[in-house]
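Form predicted alone, single chain, as C-alpha cells, below.
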C-alpha cells in the first residue's frame, strides 16, 4: 500500500469523526487532526482503534500519542506494517 492509499484510508476513517468537512476534503500529510479537522481526543482514540482494525496492526500508547497529524500517522502505520512484513 503506498502513501496515497494510506492517506485515502485515513481520510475515510476520519470522516465520521470530523467536524470540519471542508478541511477533510483537503486532507493532506500536513493536516492536524485536532486543529484542522476539529476532532476531539476521544474521537482520536476511535480513529486509532479503527486504523488498528483496518490494517491489522497494534498501536501502542507511545505511538498513539504521536498520531496528531496525518504525516506522523502514515509514518507509524508504515513502520508497523513493515514490522509485520506487509506493504
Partner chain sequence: MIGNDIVDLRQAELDSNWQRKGYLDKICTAPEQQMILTALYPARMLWLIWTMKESACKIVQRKTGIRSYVPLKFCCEVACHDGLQASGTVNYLEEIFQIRTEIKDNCIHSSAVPQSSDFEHLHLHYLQPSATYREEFNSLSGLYLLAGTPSGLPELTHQITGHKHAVSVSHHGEYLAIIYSDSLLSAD
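The model shown is predicted, which means the values in this text are computed figures rather than measured ones. Residue numbers count along the first chain shown, from 1.
Although not depicted, the form predicted in complex with the partner chain is the subject of the following passage.
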* Are any of the heavy atoms in residue 64 no more than 4.5 Å from a heavy atom of the partner chain in the predicted bound form? -> yes
Notebook entry, point to check: Might residue 23 be said to contact the partner chain in the predicted bound form, defining contact as any heavy atom within 4.5 Å?
Noted result: no
Q | 4.5 Å heavy atom contact, residue 44 to the partner chain in the predicted bound form | A | yes
Does residue 28 reach the partner chain in the predicted bound form, with heavy atoms at most 4.5 Å apart?
-> no
The partner chain in the predicted bound form has a heavy atom of only one listed residue within 4.5 Å, and of 68, 9, 74, 15 that residue is 68
In sequence order, the residues of 27-66 that place a heavy atom within 4.5 Å of the partner chain in the predicted bound form are 32, 34, 35, 40, 41, 42, 43, 44, 45, 46, 48, 49, 50, 52, 53, 59, 61, 64, 65
